[in-house]
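Same chain, two forms, each on its own as structure tokens: structure 1, then structure 2.
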Structure 1
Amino acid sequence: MTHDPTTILHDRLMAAMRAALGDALPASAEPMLAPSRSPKFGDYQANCAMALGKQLGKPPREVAQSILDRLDVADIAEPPTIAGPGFINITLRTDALASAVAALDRPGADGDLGIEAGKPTSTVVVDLCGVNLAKQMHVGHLRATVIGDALARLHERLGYNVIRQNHFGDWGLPIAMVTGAVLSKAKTGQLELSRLTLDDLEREYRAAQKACDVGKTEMMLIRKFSLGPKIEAEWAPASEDGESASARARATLVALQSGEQETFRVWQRISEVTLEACFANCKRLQANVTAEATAGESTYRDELGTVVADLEQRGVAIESDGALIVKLDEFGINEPCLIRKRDGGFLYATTDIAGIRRRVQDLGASRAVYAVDARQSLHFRQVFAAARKAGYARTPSGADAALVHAAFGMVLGEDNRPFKTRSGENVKLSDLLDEAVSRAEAAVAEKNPQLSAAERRDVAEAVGIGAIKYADLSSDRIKDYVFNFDRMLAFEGATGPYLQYAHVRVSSILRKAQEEFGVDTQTISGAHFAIGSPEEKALALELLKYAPVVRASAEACEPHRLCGYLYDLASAFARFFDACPVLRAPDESTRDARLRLTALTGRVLGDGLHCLGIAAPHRM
């Protein structure tokens, strides 16, 4: 039997509504039960009477009264009251609140911390990270990695079978350009493959790209504005250089595609070097992105032809101007999805359609989430629609898989422009992490000088990385956000460190309880909850919200909801901490009750931070 007051009150209200209104009750009617905004309105409020009053043409207060007349909640609540236009305010009985909180703490029918686990699982695929071959990770990847990993963790926590997909950009012409460049430099001994670094690769990538681009824009402008044969002739040699570089790249691509050994081996080595750095960054970010979760675009190379042929054959795709497109007017999208160029080449939409097909048909996803830049929004609308049109998004059971673009905004600098270094370069992710950690270390050294050097480093790592992650996750992901070390690492206010500090205070109390009184977690979990003070009550009510918040956060793919909740919880705990002495409580049973409340708060904070991928240290 459940102890969750929300469930109980919901069901009782529903029953009372039926009894009061009978057949007149609209089928869609809901009690509209929600936690009250302010303690003066009770603990919960039901807002259904106003809506029902409107639908039935009766005064809302009358409707509320007739529901109350048939509402039986005496076992868990004080007598409900009607307020304002027809709000039903409900205050829980303290014994009911205590047993509800106790149920959270005791895995059972309500699950651990109120989250049911072990339900038959369905599969959710989360696209995240999205690094590119031969390129450093930068701030853009930060969001794709941090948000994607948090969404994966949220779903995992709810018992879904989660498959992460690091959609690695390791295929195509630009990739062939670097591969060709590295290959020739390796041959001449200018580069040693075994000592290849990501910095080498990035340098080669840029050089190769420049070599192919040379003269290109100039020639385009000369022709566009008809600047004459003389100027054209001046630029012709440069343009030819660019052309021949591009031709070499195309030749390399052909070699790569046909699996020519030497080229392939170099490409593999480049891939290895890139991913090694990527995994190191992810590990440091505490984002679970590994080799098993990485599926390069190259892994689709044999599927693209099949997919395109299938689409063409079934008339899903049609020819237009020599290209192959999927029209999407029926989805309200004017721009068709281009899946094959006039020259026969495939596009990134082609790969992404194949990606949906793989996720749903092969991996068995009933939900595919993409943590990708909001600028790709049209692209995903097109690709999702095209996949639906093709039937690739239909699961074996015949249901439509949910396709979700968890779009996020840009990271901005203080000037409200895209976050760049002073020289206009992308900021390397590893530099960003280094700086956050070193700033955190300075702060930790100042705040807690007793820590050993080794412990200080560990704490700084947890705090610095946690600060960046919380800052990234805590506002609505669709919005751009301004990156500011001072603000995210400021140890006051709604930050990662604040949450971690709350967790540390819990640990500290529990440690002392053990040291001073020999009270350990076993003993505590047997203690009775007694909700006395307003601070204890507020904390208890906050704890009850945890499970619904995790569910809503995962459902909407919005980690910021959990962030906001954890801040509220940490701050309810801080008020409790301030007002209610635990170890120096007036008597032993109060002490143990408070210890248990403290321990439970610590568990929820730790669990919540874990869902966000933020470390929860025991000291700081």
Structure 2
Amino acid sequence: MTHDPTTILHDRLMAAMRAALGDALPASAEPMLAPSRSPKFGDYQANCAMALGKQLGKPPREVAQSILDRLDVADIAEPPTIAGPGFINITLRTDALASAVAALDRPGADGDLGIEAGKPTSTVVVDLCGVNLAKQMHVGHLRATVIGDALARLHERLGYNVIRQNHFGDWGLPIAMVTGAVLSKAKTGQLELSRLTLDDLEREYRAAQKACDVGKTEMMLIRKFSLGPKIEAEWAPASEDGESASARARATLVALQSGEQETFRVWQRISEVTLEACFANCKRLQANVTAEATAGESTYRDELGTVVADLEQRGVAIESDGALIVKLDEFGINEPCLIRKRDGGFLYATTDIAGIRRRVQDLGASRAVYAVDARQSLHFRQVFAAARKAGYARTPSGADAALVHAAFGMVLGEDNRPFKTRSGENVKLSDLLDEAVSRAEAAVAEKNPQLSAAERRDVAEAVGIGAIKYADLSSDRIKDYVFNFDRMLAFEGATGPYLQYAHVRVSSILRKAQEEFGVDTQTISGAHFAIGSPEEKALALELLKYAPVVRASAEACEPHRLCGYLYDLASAFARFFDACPVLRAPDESTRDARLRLTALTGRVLGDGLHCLGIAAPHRM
């Protein structure tokens, strides 16, 4: 049961429109309900009569009156009125608004904070993070981790069974390159496996890749442009070195695929080092990414041949010029999905199709969400279509699982180019987080010098990380955004610190109420809401929007909706706090009513921040 007046009024208006116009009501008709721009016109205004009048050839006021005659809102609103050419104005009853807010504040069968639990049997799988073996997490991994975790949290908040999947790139020839290099140096004592670091691995990865590429580009250009045998002979030794390195890498891959003990042990150690650093970064980001949630490409190695054989046998995949493809014309996609190369090798698409099969058929997903860079949009359109064509997305109910690519844009620097270091390197995620926390600590020390060093560090961690996450999540995910520390860490405006400070202000008021006025939580929770001033009413109306916003954010996979809502809520609370004295209220009942409204605001702010994976501190 919803307590949101907007939702209730929308549904009641739709019912009245159907009753008034019957079959003449256009299928696309909407009440066009919105908050009134001026209090003198009430709380809400429905503008549907003008559009309907034009479509039906009737005077808008006549249409409005017909709707009004069938509109049943007496339980929540004063008698609606018609203004101007046909605006329907609605003013909520104060007692009904107070009752709705009280119901929101009372956990029970209808859920907590108005959020009804989803079907407990429904499973949502969220693909997030997506690190690669032997590589540092960099700023490019920020969005996949932060957005993916927020989407998982939003679905969890709605009661779904959520399974996270950290797609770990730990298989294939590039992985064999670095594994072979580390194995070789471990044998000669140049590297000690027990002391292996991610910096060591990244260095070996680059060196191995460079060794395999030696002479490759040059020989290709020499032959392409027929530069002659002399220059080809000059480059032949380098090319042979590159071929030799590539051959060693291929031999390592064969050893790895066959489970050769020593090679597998080294590969396993490289995985451990990579994932330890990944999990440490995710923990700082308050993103729930663990070993249990990690599904490496290596875990699909025994499934790919089976999947491809099945697709070929059933005619879903066909041969084309020696390769195996799935044609997707019936889905409006001209480019076929390539699932096996001429040489018999599999591709990322093969793994992702196998991944959909596992997530739907084995994990029971009714929805699979992929938080992945927008540049992979065509890839996912192809993979989703191929999985549907193969029947791998089919659930036990007979319907296809919802496959959603929650695509996101890039993180840009101040120059509006991909965010890099001055030397042009990718910015390490750990360095980015350290810088944010360092800057936040300086700001916190200036605002509250009374905090101890340990408290200041804890608050700085919460504020710095929260600032980065809010800046990322508050942007429409499909858009690029410019990374700017000063803007992110500001304590004013739509920022993480502003929301966290609003939560701190609530905590401070409640703490003072107990310490200075002896008002305990039981007294506050038992107070009767009194929605008197315009600021109290505005805050109450914002609170009642919370549950629909959480549900809409999850369904659309758009965390920025919740970010925007929390900013509006914090702003409404600031106006309420300025206009309505809480602890210095004119009488005890007003004080307790305002304290309860304050406490509820704190609960919603804290719950919303938790859905985003942002800390809600009690002191700053």
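Quick note, the numbers are simply positions in structure 1, starting from 1. Small disclaimer: the values here were computed from a predicted structure and weren't measured. Each form is matched to the other, and the largest set of C-alpha atoms that superpose within 1.5 Å is called the rigid core.
> Please let me know, 1 or 2, which structure is the form predicted on its own?
If we ask which form is the one predicted on its own, the answer is structure 2.
> Could you tell me which of S508, S533, T94, R37 sits at the hinge, given that one rigid part rotates relative to another between the two structures?
At the hinge: T94.
> Smaller rigid part's rotation against the larger between the two structures, whole degrees?
From C-alpha superpositions, the smaller part turns by 20 degrees.
> Taking the rigid core as the frame of reference, how far in Å is the Cα of I8 displaced between the two structures?
With the cores aligned, its C-alpha sits 4.4 Å away.
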